[in-house]
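For reference, the chain that follows is the form predicted on its own, supplied as structure tokens.
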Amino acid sequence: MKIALLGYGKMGKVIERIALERGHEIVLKKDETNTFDGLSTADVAIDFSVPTAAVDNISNCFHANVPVVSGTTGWLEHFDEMVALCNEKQGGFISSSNFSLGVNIFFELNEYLAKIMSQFDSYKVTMEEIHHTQKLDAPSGTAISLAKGVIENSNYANWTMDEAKNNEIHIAAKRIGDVPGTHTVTYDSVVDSIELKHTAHNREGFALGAVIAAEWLAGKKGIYNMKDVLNLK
């Protein structure tokens, strides 16, 4: 399978290595210094770039009739626009805040726990995410996905990084060293606390999940997510 890499930073290089190990060919390594030459020859593209480049990367894929997997976060105010363009061009699209198998299981556990905890008003939920200092957006897309998972299964209405009101989830975002990603969901009461936590040890899980998603998406049309890829529905 021919893969175009859109974004060639640390994640892009890990994705490249894993893709090559799995027998794929890299036909484009797109960064800020080169063009999209070679994109149209790809069977699928993987976008791990920066928020300011993601929309242009994804748009170019749809116009080139190349399915695209995007793991870039911080651009989701344009998500509906990209969905509309995907439908218009009959493209294939997966966007996820996190492609790690463990994190997607974590998402499922988070939603299940939220349903249970919604019955107990004595507990207040908060979240914390810790990432490396090069991560540009805060809170992380994964933390936002976790908050949405709680909101959809409880009486919470919103998340905030400021002081939380009764119906809001407070998210604390920290940037420390080279931390790949740690996310904690805490339900706290006066008598005890319940914590759900995922700690990434390196970038391998994110990269492998993105390549698996690309393998699954190649040749498909439509808009999907990691639940489709991992058959978690």
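A residue's number is simply how far along the shown sequence it sits, counting from 1. Because the structure is a prediction, the values reported are computed rather than measured.
Omitted here: the form predicted in complex with a small molecule. The next part is about that form.
Q: Let me know the one among Lys135, Lys124, Lys148, Lys115 whose heavy atoms come within 4.5 Å of the small molecule in the predicted bound form, would you?
A: Here the answer is residue option Lys135.
Q: Even though the small molecule is not shown here, does Ser140 get within 4.5 Å of it in the predicted bound form, heavy atoms only?
A: So Ser140 counts as contacting the small molecule.
Q: Please check if Ser154 has a heavy atom lying within 4.5 Å of any heavy atom of the small molecule in the predicted bound form.
A: Answer no; every heavy atom of Ser154 is more than 4.5 Å from the small molecule in the predicted bound form.
Q: Taking 4.5 angstroms as the cut-off for heavy atoms, does Asn110 touch the small molecule in the predicted bound form?
A: Output for Asn110 is no: heavy atoms all beyond 4.5 Å of the small molecule.
Q: Residue-level contact is defined here as any heavy atom of the residue lying within 4.5 Å of the small molecule in the predicted bound form; does Pro180 satisfy this criterion?
A: It does: once the small molecule is placed as it appears in the predicted bound form, Pro180 has a heavy atom within 4.5 Å of it.
Q: Out of 80-88, 93-101, 157-165, 116-124, where are the residues with a heavy atom within 4.5 Å of the small molecule in the predicted bound form?
A: Stretch with heavy atoms near the partner: 93-101.
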